[in-house]
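A single chain, nothing else alongside it, follows as structure tokens in the form predicted alone.
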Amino acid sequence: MSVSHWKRSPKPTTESKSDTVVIGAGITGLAAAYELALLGQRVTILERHTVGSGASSRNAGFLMRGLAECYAHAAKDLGRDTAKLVWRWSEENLALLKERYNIESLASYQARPSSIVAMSPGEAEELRESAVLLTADGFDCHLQTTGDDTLWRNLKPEVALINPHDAAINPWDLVCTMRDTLLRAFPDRVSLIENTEVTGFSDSGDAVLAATATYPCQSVLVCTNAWASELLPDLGSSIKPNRGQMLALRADNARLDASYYLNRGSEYIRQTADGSIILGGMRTLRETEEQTASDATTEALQHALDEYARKVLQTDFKVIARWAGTMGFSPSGLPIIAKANEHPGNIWLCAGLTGHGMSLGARTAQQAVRCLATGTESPFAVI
């Protein structure tokens, strides 16, 4: 998104110097600011809109172990060691959210298993292989072949792989809790500035330039995910925006006992603490159209979600909300943590969560801060 000429001040003010400026106040940016403050740093967070206004408050609220694809598939594509590391990070991510932000006390929090569902014999075989590999690598899981909730009765899956220790939450609750915990813990070290459009960096890389002010700093961490290329056109160019559309509905007598992923993560559905149902996805149905930074819903894809809801629920329902969010997809599907050598100074990128910001964002931010502070490289190669 470009910055209007009319909003730029001809004489921007120079703010107090920070150790690090974090750009983006979503889950990753807020978690990174906490990590930096723990190191004793003075941190300024700059957010173009308001806290969590991107995908962080627009997702389906799954706190799921691993990736949407099954473990066997990830081990084959990424390598077994990398898959194991990602799955472990997602477990550590949930533990971090519980310990640091006390999310279990929130009314919307649900200790809810996630269920990766196979509807075809081929995918069922992948899940069986995944269960063997997960168990061998020390992860708790089991296979389910029968069930009596609404999805099992109506879809009759071949098999499902259960992650028993996962959770779900209202993502807006999570973002607000992360913000409040951060500012309460570090009132003298962290400044959060919303509705501030960053235009670039100083020539020497020792300041962030915004429309109305300059923010001197020693380091910068860009956590803008789908919009990374706007500030870092070289490093961020590999991260592609992808829209995820969702709806919320109410259906009498519907019951979902797990947070479900279907069709290799293309569709997802869960029931919230208040009984409403969240359904999203169908990206592979209109894949090219969903490769966009727009967060507008489309009639065609929302109609497909309606049809899928009828298939799963097989009862009347009332749609109570429709919305979309924009994710940042990396080429490998793994988060990108890297120094932006296209600019002088200590400028780093932490982005490309590929739809897994809830499950990996806080842990990825923790690693990004370690890399920024020590100059070490990410465990994931940048493709």
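Residue numbers run from 1 along the displayed sequence. All values reported here derive from a predicted model rather than from experimental measurement.
A second form of this protein, the form predicted together with a small molecule, is not displayed here; the remarks below concern that form.
Participant: Do residue 260 and the small molecule share at least one heavy atom pair within 4.5 Å in the predicted complex?
Facilitator: Looking in the predicted complex, residue contacts with the small molecule do not include residue 260, since no heavy atom lies within 4.5 Å.
Participant: Looking in the predicted complex, any heavy atom of residue 246 within 4.5 Å of the small molecule?
Facilitator: So residue 246 counts as contacting the small molecule.
Participant: So, residue 349 and the small molecule: in the predicted complex, are they within 4.5 Å at any heavy atom pair?
Facilitator: No, residue 349 stays farther than 4.5 Å from the small molecule in the predicted complex.
Participant: Using a 4.5 Å heavy atom cut-off, state whether residue 47 contacts the small molecule in the predicted complex.
Facilitator: Close contact exists here: in the predicted complex, residue 47 approaches the small molecule to within 4.5 Å, heavy atoms only.
Participant: Heavy atom within 4.5 Å of the small molecule in the predicted complex: which of 186, 308, 101, 227?
Facilitator: Of the listed residues, the single hit is 227.
Participant: Using a 4.5 Å heavy atom cut-off, are 120, 157 and 265 all in contact with the small molecule in the predicted complex?
Facilitator: Answer is no for this spot.
Participant: The small molecule isn't shown here, but in the predicted complex, which of 351-359, 335-343, 311-319, 34-42 has heavy atoms within 4.5 Å of it?
Facilitator: Of the options given, it is 351-359.
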